[in-house]
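One chain comes next, on its own, written out as structure tokens in the form predicted on its own.
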């Protein structure tokens, strides 16, 4: 097959239109095209009056295309990456079943190591039920929620797979997801997403695949302690009283388990404080975003996205994060009497509202600079949000017009459950954060006219976009305690589903290589 790049078509085109355009670009008769595969699809909306769909495709034809280079597909599953290794038997625990932990466990299993997968929260089905109880009745399960459980925090998100890191190993991540039930279009969309509804099915399929391959899964089981001997991990101690001897641990604990971080530090696992971000979720009508991005072509195109960043008047960074087209704001608390928000979308992205976090950077200089000062900082404002919401897990919210002294019309209906309560968000968040949010909204309005509409609603607080600490690791991927491989967002080495999954795969391959010597 041969690579044909930069095939441009109008919105609303047919598959036959794509075939004809690709053949023309390749310089071959359309009747000679035998096979055509989409490698990448993106929307060029720089000019709203001339929106184009841009494709890179691979095609085979009876006549060799002139000037086209041969297309060679990359790896399509973690099994292809792992098959090069023949490891000796070793005992490995994978702690945390988010994207990093799940992909690490799948890679180890494919390579011949059957790990024990330990997850403090419940199954995808149990988590869905727990979140439904929180949304309906304000009942929080501190061990099974949006933060804890199979699939990690990303299970209740938009299921975005785009990332700013190198595309190394991406094909393995995407290929594995497709094998577990993800839609094929994630393989070629420029901004791939799965949707929280499909992502839950994928996590169930991943769990079944691991069990069928001999992996032991211990959900509803927390890592309570570790034993270290001569500077190396010796065993893990679990909340059910079991102690498991191990040769290695892949540690993908996420960004919320403060108790686990504290335990690890007490056992000699070195960490450092790092910057993170705090802010709110903002909601606009999705129709406004579509029109702003695509103009008259909006009805022919999928729900539009945006991504903005700017500097506040004080020089801090402010940016949008995890934008969810046609989505809703979801309560993501894991500690009692706190409010944490996130955003999620279903595969169809057909909700009335678009939402995104607007986050302001926080550095160790904004608190006492201690190792765990960032956890204390964010918890303070999560509790302030709970109080401002009046208890019962109602989230504090404020219309933008009220925050800036403008008349509010055409209010956007908030989507957060179980409820929202209007308040002054300056009473919830630090002044530098709220000032930064409003500075950012003004800057973003210059990029998308109307972003600062008075009826846009802000819901607090978003504090879990990243971890306040980083677990140190060496070039071999190990922490200061030998045999512990910190991975993913909680370890401070990744951000988002894809980069966390890649980080888990890399750690698993390091272990497979080491065990094969």
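Keep in mind the model is a prediction, meaning the values are calculated, not measured. Positions refer to the first chain, counted from 1.
This protein has a second form, the form predicted in complex with a small molecule, left out of what is shown; the following refers to that one.
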Discussion item. On the criterion of a non-hydrogen atom at 4.5 angstroms or closer, are 346, 353 and 451 all touching the small molecule in the predicted bound form?
Written reply: no
Worksheet item: Which of these residues, 118, 400, 269, 441, gets a heavy atom within 4.5 Å of the small molecule in the predicted bound form?
Response: 118
Worksheet entry | Contact assignment for the small molecule in the predicted bound form, among 436, 327, 149, 396, heavy atom within 4.5 Å | 149
Item to complete: Spell out, yes or no, whether the shortest heavy atom distance between residue 283 and the small molecule in the predicted bound form is within 4.5 Å.
Response: no
Worksheet item: Just to confirm, residue 490 within 4.5 Å of the small molecule in the predicted bound form by heavy atoms?
Response: yes
Worksheet item: Is the gap between residue 201 and the small molecule in the predicted bound form 4.5 Å or less for some heavy atom pair?
Response: no
Item to complete: Check whether residue 135 has any heavy atom within 4.5 Å of a heavy atom of the small molecule in the predicted bound form, and answer yes or no.
Response: no
Practice prompt. Tell me, please, which stretch of 442-450, 420-428, 307-315, 246-254 lies within 4.5 angstroms of the small molecule in the predicted bound form when heavy atoms are compared?
Written response: 246-254
